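A lone chain, given as structure tokens: the form predicted alone.
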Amino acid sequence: MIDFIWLVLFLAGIVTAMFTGNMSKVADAIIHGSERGVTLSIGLISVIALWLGLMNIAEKAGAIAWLSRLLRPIARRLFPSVPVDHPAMGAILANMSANLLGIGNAATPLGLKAMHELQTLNEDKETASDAMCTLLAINTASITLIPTTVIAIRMQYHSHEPTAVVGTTLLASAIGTAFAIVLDRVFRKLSRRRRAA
């Protein structure tokens, strides 16, 4: 569906440019935009590689295990249907820890593993469980301490303070995560009422 939306937007821009006589500007924008995209991507590779390397060292040093222990009481409250000693809880904690540290590459497979493990606990295999919905909401909003990609982009464009966004990113992602948890609980209650009726 998103591909279709992008295609419609692209075609609408081309058609508008044709009727307004701005096709040369569109062609220039496409060429210069692709040049800037390639330049930005190449510049980001080194910074992201550095951050991922540092986060990998932190992971091997036990930072994710430490964060998992720190997050365990919160996870118990967020996922009351998941037994504490079940592999799903371990995967959930590892996923939350990786997201918190800004290691999106590590968080994705951990999130998929957590969903797989939650499916083993799910009684109705055709419908997502409450825990699965909660994990999806938290994983999508995801509090982030170190927004590595944003910092890398700011460094690429020679920002004087590329890490100045850390505080606002932390605040915004914390608000987003809190809102996601609230909405998860609201929709869960609405769903239960609808099933009971």
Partner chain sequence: MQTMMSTVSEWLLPLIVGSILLFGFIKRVPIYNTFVDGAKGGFATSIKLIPHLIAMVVAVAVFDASGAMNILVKWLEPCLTWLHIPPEVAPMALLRPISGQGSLAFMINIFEQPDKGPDSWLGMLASTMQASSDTTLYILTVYFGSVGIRRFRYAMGVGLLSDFVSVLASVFAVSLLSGMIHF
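Because the structure is a prediction, the values reported are computed rather than measured. Numbering follows the first chain given and starts at 1. The term rigid core refers to the most C-alpha atoms you can superpose between the two forms while keeping them within 1.5 Å.
The same protein also has a form predicted together with the partner chain, omitted here; what follows describes it.
Trainee: In the predicted complex, is there a heavy atom of the partner chain that lies within 4.5 Å of any heavy atom of R77, even though the partner is absent here?
Mentor: R77: no, not in contact with the partner chain in the predicted complex.
Trainee: Is I2 close to the partner chain in the predicted complex, meaning a heavy atom pair under 4.5 Å apart or at it?
Mentor: Although the partner chain is absent here, I2 would touch it in the predicted complex, with heavy atoms inside 4.5 Å.
Trainee: I57: heavy atom within 4.5 Å of the partner chain in the predicted complex?
Mentor: Within the cut-off, so yes.
Trainee: If you check in the predicted complex, is L93 within 4.5 Å of the partner chain, heavy atoms only?
Mentor: Output for L93 is no: heavy atoms all beyond 4.5 Å of the partner chain.
Trainee: Heavy atoms within 4.5 Å of the partner chain in the predicted complex is the criterion; list the residues of 24 to 46 that meet it.
Mentor: Stretch hits, in order: K25, V26, A29, I30, G33, S34, R36, G37, V38, L40, S41, I42, L44, I45.
Trainee: Taking the rigid core as the superposition reference, indicate whether the CA of M18 shifts 2 angstroms or more between the shown form and the other one.
Mentor: For M18, whose C-alpha is compared between the shown form and the other one after core superposition, the shift is 2 Å or more.
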